[in-house]
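Below sits a lone chain in structure tokens, taken as the form predicted alone.
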């Protein structure tokens, strides 16, 4: 029985109560200033370390994952995006992967069905997984961008524009921002899928469930603050502006739920460099994605090859030309 999701849930719930009791104990400075600074310091150092580590990994040959016809003879039609041979093709494939999750769109799942003629294997298109992943990532991006209003004065025009689009459905006061609910909904789908599908559940680890529960906790506390327990927005902005300008202060009147929200965000930020969430940077560093497949057109030589003394055919012929001629063997030079 895979109980990794229960372990992750218990850990996230337990972590949520840490600031709840900490604020009551008078530790606002710790949860409002110290932990966010530490989290972002860990994030920047960790991300830089991962990127430097990836960049130092030896990639002596072209190893792109391809699909479709490679560039070959003129009468063979090349799959220029699936099997790019130029930098433009690589950029096009990367753009489709990053913005539309193209490989996930083409993903299928295999199922074994019983039939009159025995077991039968079928392949099904995983459209809902692709849609959920798309909604999850774009909602997350919109939520992050909207939060820039707490770190900039005046608020950038694109943030205000995005908020208007995000809150296009004016339902009550304050208006409903779609991205927060879509983020929570998509994360819930991705979680439930891992729990109820036996094959996916079998391969899922704590590291798969923990970030999902953490993000769901962040989304839930954010929604709760906006629609149910109103927080002092002026005080929150004073806190965030103080953090970003390196003159932190703890305004009075900010409710505990905000510190819970901030603590979960800090955990997520600090957790990113050590988790699968680093795929957001890894996609750009993956040699299976960022290389052109021009192995037939260009000879790639391993830069670490040590010099090897060879005896070429020309040298061989120079050594044995007379004997080869006497034996009636063809030679290139008389």
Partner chain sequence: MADYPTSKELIDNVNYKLPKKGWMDTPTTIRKGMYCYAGNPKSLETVGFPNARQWNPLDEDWKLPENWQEIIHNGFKERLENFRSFKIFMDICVRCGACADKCHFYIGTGDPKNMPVLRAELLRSVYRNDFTTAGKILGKLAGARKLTLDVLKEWWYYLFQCTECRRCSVFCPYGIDTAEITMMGRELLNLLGLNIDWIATPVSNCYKTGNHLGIQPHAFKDMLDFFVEDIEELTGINVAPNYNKKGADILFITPSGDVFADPGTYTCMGYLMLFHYLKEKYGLDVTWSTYASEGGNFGSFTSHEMMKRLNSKMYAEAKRLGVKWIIGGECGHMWRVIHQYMGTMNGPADFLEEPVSPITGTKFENAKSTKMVHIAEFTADLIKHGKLDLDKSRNDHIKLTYHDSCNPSRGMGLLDEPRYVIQNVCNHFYEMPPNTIREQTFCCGSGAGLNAGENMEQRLAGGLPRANAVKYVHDKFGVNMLGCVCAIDRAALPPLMDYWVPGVGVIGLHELVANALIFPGENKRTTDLRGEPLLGMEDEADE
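C-alpha atoms forming the largest set that superposes within 1.5 Å between two forms make up the rigid core. These numbers come from a predicted model, not from an experiment. Numbering follows the first chain given and starts at 1.
Another form exists, predicted together with its partner chain; not displayed. Remarks below refer to it.
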item: Contacting member of 59, 38, 30, 47, with respect to its partner chain in the model of the complex [4.5 Å, heavy atom]; value: 59
item: Among the candidates 129, 236, 184, 191, the residue which, in the model of the complex, approaches its partner chain to within 4.5 Å (heavy atoms); value: 129
item: Interface stretch in the model of the complex with its partner chain - options 152-160, 252-260, 216-224, 99-107, non-hydrogen atom within 4.5 Å; value: 99-107
item: Contact flag, residue 6 vs its partner chain in the model of the complex, heavy atom cut 4.5 Å; value: no
item: Its partner chain contact in the model of the complex: residue 169, any heavy atom under 4.5 Å; value: no
item: Contact test in the model of the complex: residue 241 vs its partner chain, heavy atoms, 4.5 Å; value: no
item: is_contact(residue 164, its partner chain) in the model of the complex, heavy atom dist at most 4.5 Å; value: no
item: Residues of 180-203 having any heavy atom within 4.5 Å of its partner chain in the model of the complex, listed in sequence order; value: 193, 194, 198, 199, 200, 202, 203
item: Flag for residue 45, CA shift 2 Å or larger between the shown form and the other one after aligning core; value: no
item: Yes/no, residue 17 Cα shift of 2 Å or more between the shown form and the other one with rigid core fixed; value: no
item: Rigid core fit then residue 302 CA moved by 2 Å or more between the shown form and the other one; value: yes
